[in-house]
Ligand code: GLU
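Listed next as structure tokens is one chain, alone, in the form predicted on its own.
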Amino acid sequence: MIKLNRRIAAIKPSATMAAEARATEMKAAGIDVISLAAGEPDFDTPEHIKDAARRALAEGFTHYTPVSGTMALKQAICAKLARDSGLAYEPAEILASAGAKQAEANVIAALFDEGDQVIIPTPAWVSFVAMVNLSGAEALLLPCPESDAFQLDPARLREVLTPRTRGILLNSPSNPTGAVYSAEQLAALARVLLEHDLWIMSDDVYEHMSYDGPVAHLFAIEPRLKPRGIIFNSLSKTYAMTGWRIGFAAGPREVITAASRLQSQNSGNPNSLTQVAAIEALTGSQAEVATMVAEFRARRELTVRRIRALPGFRLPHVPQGAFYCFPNISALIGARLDGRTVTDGNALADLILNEAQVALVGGNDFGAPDHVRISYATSIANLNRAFDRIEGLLKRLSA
């Protein structure tokens, strides 16, 4: 038996990517699968962004760039952070990577070590825990109950902070719940965070997927946190650029320098053509972003209505951002079909995929095994067909 590095051996595949890969395999086999698992917009990248990449290709911009990104891209990111969040950064405080996931992994590896503890409020994106564990630190999962709209209670945060706590990962709008922290909620969390010396990491990937106005930013509300704060963001969701693989981190120069050193050894610069496209995305017209968000809002309304009509599904809170719903399916645990029993969200998602040919993601790896994640990043026609199938399957279940 091959002996692997113990940290690598302990990693599970990404649950979201595994669900989408299974749906893709079934489609390739000729099965009519509708995927509500994908964590990516179903829109095409805007044409003006693709044009920028075409021009860069024609002009021969196909060689290495600085490891942490070109100066032009870093300046565009700084301008974006000032425009959208009112936050001032310098190019030396920016790391461009092959997606926000790589930026997060590099920064987390640079900041934390054995004996450190990093708080992850759950439900949380499936990769947060893996990235913390790979650094050697301990991921402390802090459940945020549905009764609190999946948001972190400042008093509960204060209870779990210890001298070992060296970081916390916040995500608003949230994947998988769609929860968005208000300015008042962030201010209350900031008062607790100011009492402790730890790194505050803010995953802002879904910042523009918000349906009730702009998303407040913790570091703008409490600037005293910014010197020990890290922002992670991506162009994948906002500009439908998932396959281009471009994201960034913004934070103190020393942290960015250390993460850049790591990136110089594990990958090098992000794609040169993608960097040019990213500059155009950040500095060019934002009209298509608004169009996409308006369509997601309409899909959200449909998805919420259809979920609430499903027997055994409960969705007390309407998601305020991202493009996911995270319904509670605990009423279905113990239900049976043809000898199979629903034991948790993963089991229900597997049953729905195999029997109704609709792909969802079970809530287990998000830290909420009595939930499933449903993405509405697909057409209204597909959503209606998918919910018709799920409804038909649920009627076949027995207690």
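Note that residue numbering follows the sequence shown and begins at 1. The structure presented is a predicted model; accordingly, all values stated were derived computationally and were not measured.
Just so it is clear, the following notes concern the form predicted in complex with ligand GLU, a form of the same protein that is not shown.
In terms of contact with ligand GLU in the model of the complex, the residue from N106, S97, T303, N175 that brings a heavy atom within 4.5 Å is N175. G39 is the sole member of G39, G362, G367, P46 with a non-hydrogen atom within 4.5 Å of ligand GLU in the model of the complex. Considering ligand GLU in the model of the complex, the lone stretch of 52-60, 345-353, 331-339, 31-39 in range is 31-39 [heavy atom distance within 4.5 Å]. Contact check for R373: a heavy atom falls within 4.5 Å of ligand GLU in the model of the complex. In the model of the complex, ligand GLU sits within 4.5 Å of a heavy atom of Y206. Taking the partner from elsewhere, W125 is found to have a heavy atom lying within 4.5 Å of ligand GLU in the model of the complex. Looking at R156, you'd find every heavy atom of it more than 4.5 angstroms from ligand GLU in the model of the complex. Contacts between 313-344 and ligand GLU, taken as any heavy atom within 4.5 Å in the model of the complex, involve only Y324.
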